[in-house]
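Only one chain is given next, in structure tokens, and it is the form predicted on its own.
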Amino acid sequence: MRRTGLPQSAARTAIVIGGSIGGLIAGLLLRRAGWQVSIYERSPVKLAGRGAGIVTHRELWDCLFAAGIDPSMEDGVLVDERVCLDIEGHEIERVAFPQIMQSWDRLFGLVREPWGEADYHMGRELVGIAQSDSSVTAQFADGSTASADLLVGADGFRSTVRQLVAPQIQPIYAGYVCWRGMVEEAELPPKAHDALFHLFGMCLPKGEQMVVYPVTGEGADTRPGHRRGNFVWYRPVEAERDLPDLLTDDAGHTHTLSIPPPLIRADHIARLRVDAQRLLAPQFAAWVEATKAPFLQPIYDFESERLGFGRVVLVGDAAFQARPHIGAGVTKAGQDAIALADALARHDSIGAALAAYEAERVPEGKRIVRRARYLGASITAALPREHVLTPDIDHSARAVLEETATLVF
């Protein structure tokens, strides 16, 4: 019999702070292990991917199956090859690399569906945490509280949970930003569509990276003509002057860390389109031009030395934030959740379980962060010295095609 450190007649309870994909997977795994779980999400409105696509990995499907989700591979878009074009639009490298591409919204829908409204609480902003020997209590901005045996911080790289238990861990700006956007397949010009839509495509202007790939359309639609294309464009941005300008809206307010997509100034988007025509292969520039509402994501990362704090534990991007080049944020969150549920099942006390979880996931989190820094080192940026890696990094088109968005390293 598995021991829990609690009387066998007592129901084990957990609070998950963060109602996005990672928090939902963690909650599902704990619920399948017999825990009573409540999810608390700070957003008062339904979450959406804001134009995000996901490159999936076999490990992600394993996490979903473990959480009781049986996604059909047909829900995604299979891409068999990767191609790199020069800025004139000529092919310079091609590699076979089958992967399934998915939209964030579709994946979120799969893990959100099993939760009823009684266990998924929206508009609950965490402001404090109190612990005792026997419980942990979450304190919310509306004055309400919730208590449980365990609190799981799954609230992303801007984690309030992490700020409360480990305020010394702060995101580190990588020296570049990512512009992202989603375009309806039917709205792409035929030449740009025919050249790239069936591929994972890359263009590598000096010091930059542009990536495009197809994902499902609304409602997981995989029919040709009804899918969507996702672009991701990494660009160096100086930290002291240019980044604050990008994060400043029309009202003159400069946002911290990131800016809500509707508040991005029109002049920045106009400049992005001009730069696309100047720097990218025509096929890629057409994707940017056809995207109605590109949005901005400054790139940060950080490592954590600890993940367990009494009855509080960090998972996913709240625990480690890696640059997106591995494409493993959701997968890592799922693997964290599996390791946490397993540790809680194997150990008598929550303290011992979190220590075991921490011992397993801290080395893996560091490995992923450092690998992502390696992959991002080809982007011209004023990186802090401690982030500069060995000078023998292979930045060739073939190396970038083979090493991007893979967990095999």
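In case it trips you up, residue 1 is the first one in the sequence shown, and so on. None of these values were measured; they are calculated from a predicted model.
There is also a form predicted together with a small molecule; it is not shown, and the following applies to it.
Checklist entry - Only one of 266 to 274, 169 to 177, 148 to 156, 203 to 211 gets a heavy atom within 4.5 Å of the small molecule in the predicted bound form; which is it? => result That would be stretch 148 to 156.
Next on the checklist: Which residue, Phe295, Phe309, Phe197, Tyr300, is the contact with the small molecule in the predicted bound form, using a 4.5 Å heavy atom cutoff?
Outcome noted: Comparing distances to the small molecule in the predicted bound form, the residue within 4.5 Å is Phe295.
Checklist entry - Since exactly one of Ala352, Leu47, Ala33, Ala359 fits, which has a heavy atom within 4.5 Å of the small molecule in the predicted bound form? => result It is Leu47 that has a heavy atom within 4.5 Å of the partner.
Item to check | Exercise: Thr160 in contact with the small molecule in the predicted bound form, heavy atom 4.5 Å | outcome: Close contact exists here: in the predicted bound form, Thr160 approaches the small molecule to within 4.5 Å, heavy atoms only.
Checklist entry - Taking heavy atoms only, is Ala328 within 4.5 angstroms of the small molecule in the predicted bound form? => result The answer is yes: Ala328 has a heavy atom within 4.5 Å of the small molecule.
Checklist entry - Ala290: heavy atom within 4.5 Å of the small molecule in the predicted bound form? => result Answer no; every heavy atom of Ala290 is more than 4.5 Å from the small molecule in the predicted bound form.
Next on the checklist: Taking the small molecule as it sits in the predicted bound form, is Asp75 in contact with it (heavy atom to heavy atom, 4.5 Å or less)?
Outcome noted: No.
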